[in-house]
Structures are given as C-alpha cells and as structure tokens.
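Taking the form predicted on its own, here's one chain by itself in structure tokens.
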C-alpha cells in the first residue's frame, strides 16, 4: 500500500514537471548561464546544492570561541558539495569574526571543482540576530502596531545593510503567518491577525530587504515563511496540527504570500506543521500546484529545521527516512535544512539512481538555488568587504529603531488622563519584566531563545533604567515583587508603593520562541496577577506596562490599572520608548494588530462572523478586552465628512473614499486611519468587517487633513465554497472611525458560482 502511494506521488511529480519546470517564458541570459553550469555538474554536486547544514556541523568550539573546523568544512564542501550553511547556535559573533567564518567557508568552496559559492542564511527577523552591536527593532508584532509601512521598509533596509555587513546574504524573514491563535508561541513573529495588515507590512519589509537590486552589497534575499497556515494550530502549540478548509486558507492565510511573490521575494520556507492531516513538507498540492502553478513563484523552497526527517519521526507518513526525502522533494522542496548530517544527500542520490526522484526535478531545484546565488552576486563577490559598512550599529540606525518602538507602543487605557506622569513624581517600578532586556527583545535576539540579551545588550536600557534616567534615580524605587511565575518579597513592593505617587507595574513574558514557548494556559501566571492585586490595595495609581510576545489574559490585573500600555517586544530601544511615553516626551500612536482577549476561552478575531456577536439572550458573544485597532493618544482625533465618489461600484470602476481627520486636542500627534468594509449579505456568511486600507497621518494640534483611499471590486471580493474568488452584487458599508457610508456593487456580467465569467 505504501509503495503504491509513493509511486503515485512520483508519477504526479513527473507529470507536473513538464509544465512547471520548463515554464512558458523564454529563458533569460541568466537562466542560460545557470543551465550551462548545471550541464557541467554531476548528480552528487547537484544534490549537494540542495543540502543545507547548520554551522555546528562545520565548526569547533574551543574556550568558548566558535571556529570553522578545517577538516569538517573540507568534508562538507569537497565531499558533499554542500550548497548552504545556516545560523549559529548559542553564540553571537562580532563582525570581524563573521568575516573570518564566511571567508573560511567560501575559501573552501573555491577549492571545489566548479567553485560554486555557499549561500549562508540567518534568522535576522528583527535586526541581525547573531551579530553583536547590531540594531534590533521591535519584533514584527510591534512593527505591525505602528501601522507604518515606511517604518517597516526602513527597518528592512537597515537589517539588510547590517546583515550584509556581517557577510551574510540570505535572511529567513519575514514571517507572513497569520497570527490567529493567541496561544501560539510565535505570535510575536507575525504582523498580527489581519490578512491585509500582514500582506502590506510584509511586502514593505521585503522591499527593504531586497531593494531594487538584491545583488548589491546592501541588500539580501528575503525568505517568506512559513508557508502555509502555520499560525493557527488547533491546540496553540508550535509544530502541531491545524484544520483549515481550503476556502479559509485562500481567504485568510494565502494573501500575504501572494503579495510577497508579487514583491519578488526570492525564497520561501515551509510550515513545520500539518494542515488537515497533510504535512506541508509533503503537500504537492500546496508546494507545486498552488505555489508554482497559481502564485507563479520562481524562487527557492527551503524546508524548516529537520522537517523532512520529521515526516517519518513525527508525522508518520513516511515509513523510512529515505521515503521522507522522496516525498518532500517530489512535493516541491528544493533545499533541505537537514541540518546535522548528510543523510538527505545520501538518500537523494539513491532515489535518483532508483528512478524514484526524476533528474528533471533535481535540475529544477538546483536551477532555482544557483539562480538566487547569481542574483545575490555570490559568484563575483562571495565575501563582502567589512569596510563598506560604516553605518553598522550607528546612531542613525538607532533612531529609526527608537521611532519604531515609540510608534508601536499602544496606549489602551488612560483613566482621568493619569498619563503622562509628571517628572517630579516618586515612582515605584516593579514586576518581572521591569529590569531585563529579555522582556524587550524576546527570542531570536543574539541567540535562538534570547536568554543572553541582558549580557549582549548590557549597554541598552531596561524599563527601570530608562525611567531612572528620565526622572532621576532619587525619584525611583525598584522592587521586583515577582518573578515570571512566583512572588518575590511582595511585602517590600507593597511597602514601597505606599511611599510612591504612582506604580509602574511591568508584567508579561521573558524571551522564548518555538516549542520552548508553548503554554497550556493563556492566563498570565497567577503570581503576576497577585502582585497587581496586592499593589492595588494600596490605592496608588497603577500604570500597567505589558511587555509580552502574545496577548496573555490580564483581565483581573488590568481591571485595577489606571492606565495600560501594550509594549509588545519593542527591541533594544524599547525601554527608552516606554519611558518617553510614560513621561510625555512622545505622544503614543500604536494600535493593536491583534484582538486582545478578555477570557482564555474567548479567542475570536475581530473579523468574526455575525453569528459570533451573540444576541440578546447570549451573554457570551464577542467581548474582547480590547479590539483590533484600539489605541489611544494624549490628544484627540475627530473624523468627519466621509465621502464616496459614487453610490454604485461596477466592474472595472474605482470608488474614491475621502475622510477628514482633525487633531481636536491640544497636542501634536499621529493617527493611524483604518478603513473597514462590511458586506451586508453574501452566499458565504460574511465577516462582520474587514480592514481594507490604512494610512498614518501626522497632525499638529488643531490641524485637519483629508485622507484618501480607493476601493475596487477586488478589494471586496471573497473566496466562495468552491475556493474561487468572487465579488457578489449587494450592499457594502465603508467604516472609518465613527463614520460610515454605503454603496452598492452592481455586476455588469454575472459570474457563475465557480467565479468564471
């Protein structure tokens, strides 16, 4: 039975190759150059290009120093012809050491017969993760809260610059997963729960990474990940199953990847989980039919960490490791992040010789890999010049990171305008996230889990240190009060609170990522809530600062706060940004990119179905603590004169939407203007509302600006029950702020249910 299944998979792959491998476009000069090189390659050299190992495989650690091992790198390159190496575990290098490491690798590659350079990849997901002195930005969830595409682009360009300054040309970023499930430990790596926000911020950062010429010395190849549906596991745990109908996959999860392909992303990494029982690494439908056939992606598909072998070990769809390699490669994986040894290499050679993986499929994968290496300029300049990057870690770059942090931090509550605090106040700073950079940087910071951030970022300011600098140490008392999950001298914190004018209570999470961040309860550990309750009993105003990677349930603690700031994981400048907002140096402008749940079993996204709103007899409808898009300011904004250019929309037409936004307060500020649409009735139960456009405007006190958006039929389309994208005639409502106007879509050519005209 298993052998018959494998035969069917091979036959299906063979059938697809004639269409997808050769394509319909004439070969470019670069394609011809790549094909010329492939014609000279042996099977072993080709399979080597498809093999990626971690740096540990080619390194030795002596006295804490990670060095390339001469014998190991020789084996990797000259025996196995390895095409790619990635990351570094447990270490952050300075730029000098990165230069030495990459130089040693490429020098060995130059000794191989065809002198094909190695492509080194790294997870620089919010700045250059593994380089000392790099500029670390807010994690993606914080960048999303800025609703500022220009900032995302700037962060991308700076990250690319500093990645190339580390002699690395390939960045495993951005994460384009839809952050639907709050329990998931990788929520903070996403741009939030909304497909439009994810796709637009993602496209902006990809443009920053790759620029107009990915081969110049200041840009890198982007890697969109994790394709597809990774962010909605049933149990909220990392690398666990999801149930996502094809219609939902196309409506919510696929759009960010469609946009990334349009933006020209060079590479893609595959979801480690499984959808509807099918591991994505084994899905010919998703990796070839959809990705290549529908999206027309031409770049490299790389597996995630050990995920081909997991087809046997974890998913149990492959009877042997060799079968796992056959299934994944025939499904559409071009490069295997093996990453610890050379089993993939050996198995794949055997499979080709046995006719179970066609040579055409190997050539196809190798063509994609070599083409990216040429596009990156690696054949001409395999190692960069360290002197070309004088702005690395510069004050100019730091200021952009600080701006991103300040624009991300979201003011959720400000009772009686308790904020901003006066700088003459006596302040108690307390809580487990108050005095550690781990709570500001999160995972993927200097090391995989970010557990060494306090050491590597010792020159940066924690929340406590930033407040001390802002108002003077004499005005600040610090008592931890609690660790992440237990009370710590809480009586000392309560005693200190009685002598303070205000309490800055810093709750949340320490750094984590992937499986290490799995939790069974979305509620914050009770010790943190208990600390809040003990402090509340003093009657002093509590300013709750949430430094966390996902929206943990804080309902009980938050009910006792006078003001609440959501700080996310705001990066190395996060402490300064928080202090600037607390004391009024900066006017907050962030808005939630996720729905903040009130209860642990009420995890509904803002674009809910009408049925989820509840009814007059139902007390358990949609009732989050804070809805997607919530965010206050120290000034006020008013909306007026929402106008649609025409009352009806027909095929091929565009409605222009304008609205006046006024800063009606006494202080300059920035406002993210969010435009939603709502479809009244449709053949598929419509979402209650959907974000369709946004813009961020800077308004002086008393100033009014007119914001303009466009709506076409594509903007109000949805995926029907046949998985076809359609726009159905009917009434639609446009909503911006407290303004709303309706229009009708009138189809001039009625489509059938398949979506075809």
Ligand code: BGC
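Positions refer to the first chain, counted from 1. All values derive from a computational prediction rather than experimental measurement.
This protein has a second form, the form predicted together with ligand BGC, left out of what is shown; the following refers to that one.
Peer 1: How about residue 596 - does it come within 4.5 Å of ligand BGC in the predicted complex, if we only consider non-hydrogen atoms?
Peer 2: Because no heavy atom of residue 596 falls inside 4.5 Å of ligand BGC in the predicted complex, the answer is no.
Peer 1: Since only the chain is shown here, I'm wondering whether residue 81 would be in contact with ligand BGC in the predicted complex (any heavy atom pair within 4.5 Å).
Peer 2: Residue-level check for residue 81: no, no contact with ligand BGC.
Peer 1: Contact between residue 239 and ligand BGC in the predicted complex at 4.5 Å, heavy atoms?
Peer 2: Yes, residue 239 lies within 4.5 Å of ligand BGC in the predicted complex.
Peer 1: Taking 4.5 angstroms as the cut-off for heavy atoms, does residue 591 touch ligand BGC in the predicted complex?
Peer 2: Result no; residue 591 lies far from ligand BGC in the predicted complex.
Peer 1: Note which of 607, 305, 196, 583 lies within 4.5 Å of ligand BGC in the predicted complex, where distance is taken over heavy atoms; exactly one does.
Peer 2: Checking each option against ligand BGC in the predicted complex, the one that comes within 4.5 Å is 305.
Peer 1: Looking at 186, 438, 266, 180, which has any heavy atom no more than 4.5 Å from ligand BGC in the predicted complex?
Peer 2: Comparing distances to ligand BGC in the predicted complex, the residue within 4.5 Å is 186.
Peer 1: I need the one stretch from 157-165, 357-365, 635-643, 225-233 whose residues put non-hydrogen atoms within 4.5 angstroms of ligand BGC in the predicted complex.
Peer 2: Result of the contact check: 225-233.
Peer 1: Out of 306-340, which residues reach within 4.5 Å of ligand BGC in the predicted complex, heavy atoms considered?
Peer 2: The stretch touches the partner through 337 alone.
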